[in-house]
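In the form predicted on its own, a lone chain appears below as structure tokens.
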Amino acid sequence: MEIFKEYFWAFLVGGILCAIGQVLIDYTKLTPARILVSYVVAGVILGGIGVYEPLVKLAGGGATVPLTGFGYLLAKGVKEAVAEKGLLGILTGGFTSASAGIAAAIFFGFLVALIFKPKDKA
């Protein structure tokens, strides 16, 4: 029964984050790119001040999969690197913590580009 509770919270939190993005697309003049960047920045800010951590513990993938989770990951990496290496960690922490996800995105993007033939937009 515990697993259904985890799924519920992941679905609810992830759904709310996606619904907020959809409302921003529908009712503002913000471009999708600006909304995505805003999500990452919000994740960094909320992760930096410690507000996003309880949400990650509650919702798991529902909080870490959206772009706010990427921002949270960057902030968490910087915090850990600063604690370990001092001020140099500000420059290296985000890259270290997000390197696996970024490398996977580049690899799979390249793989898909090899498989499918791009088409010009009409």
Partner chain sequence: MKLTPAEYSEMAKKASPGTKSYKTIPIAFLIGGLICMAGEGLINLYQYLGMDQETAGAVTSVTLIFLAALLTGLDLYNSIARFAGAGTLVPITGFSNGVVSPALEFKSEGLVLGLGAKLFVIAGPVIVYGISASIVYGLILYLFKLY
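These numbers come from a predicted model, not from an experiment. Numbering follows the first chain given and starts at 1.
Quick note: we don't show the form predicted together with its partner chain, though the next part is all about it.
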- [ ] Would you please decide whether L55 lies within 4.5 angstroms of its partner chain in the predicted bound form, comparing each non-hydrogen atom pair?
- [x] no
- [ ] Classify A33 as contacting or not contacting its partner chain in the predicted bound form by the rule of any non-hydrogen atom within 4.5 angstroms, answering yes or no.
- [x] yes
Open item on the list: At 4.5 Å between heavy atoms, is V51 in contact with its partner chain in the predicted bound form?
Closed with: no
Open item on the list: Can you list, in sequence order, the residues from 1-22 that come within 4.5 Å of its partner chain in the predicted bound form, counting heavy atoms only?
Closed with: I3, E6, Y7, A10, F11, L12, G14, G15, I16, L17, C18, A19, G21, Q22
